[in-house]
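Below you'll find only one chain, the form predicted alone, shown as structure tokens.
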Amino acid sequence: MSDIKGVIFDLDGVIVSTDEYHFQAWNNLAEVEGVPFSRDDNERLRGVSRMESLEIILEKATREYTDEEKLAMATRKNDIYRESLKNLTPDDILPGVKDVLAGLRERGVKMAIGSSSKNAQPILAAIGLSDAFDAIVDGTHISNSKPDPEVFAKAGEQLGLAPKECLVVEDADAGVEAGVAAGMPVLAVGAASGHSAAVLHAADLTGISLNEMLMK
């Protein structure tokens, strides 16, 4: 951490877990459309934009959908998901996160959120962390979702730091790829820390906790 001046966190799966909310919303949509959908399928959606996630789900559909139908389906899923977010509280912040944020702040390290989600702001508000970050870049600010590096590049710019000065913390393969493409060191945590050899090779740090990160 000696050369790091900023940390850019993914949101879902790193700061807070909304995986179950996403799964239930997509599952509801899939059931209505009669499309098979499992938790394994849901893993493929990690770190992927809403419309790209829908395309993955519809790979098992028995008919073609128009663009208008797809947009309506994605909107319906998001409505279900946003309604479920009302159940989020500060208790849903993942273990160790508050200590890490406090530790980084104490050391003068800038912090940002870099998320493809368009719901980052209401999620942060629900868990009481809206003011915890120096910059928040989410799906409403970007044209290309992960693995494109745009979200991390913009977050680094908002922090006023060079890519090599920013550490990306990610739990998804697509996010790890995006961080690497942005020219930033990457800490793969959670699901990403146990994934493919290519992902592990791309990430600079794997298999350690956020708290252990502070010791680097």
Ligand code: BG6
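The first residue of the shown sequence is 1; numbering continues from there. Given the structure is predicted, the values throughout are model-derived calculations rather than measurements.
We do not show the form predicted in complex with this ligand, though everything after this point is about it.
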Does the trio 28, 58 and 76 actually contact this ligand in the predicted bound form, every residue with a heavy atom within 4.5 Å? no
Counting only non-hydrogen atoms, which stretch in 48-56, 64-72, 28-36, 182-190 is within 4.5 Å of this ligand in the predicted bound form? 48-56
Residue-level question: is residue 98 within 4.5 Å of this ligand in the predicted bound form, judged on heavy atoms? no
Can you tell me whether residue 105 touches this ligand? I mean in the predicted bound form, with a 4.5 angstroms heavy atom cut-off. no
Does any heavy atom of residue 81 come within 4.5 Å of a heavy atom of this ligand in the predicted bound form? yes
Would you please decide whether residue 118 lies within 4.5 angstroms of this ligand in the predicted bound form, comparing each non-hydrogen atom pair? yes
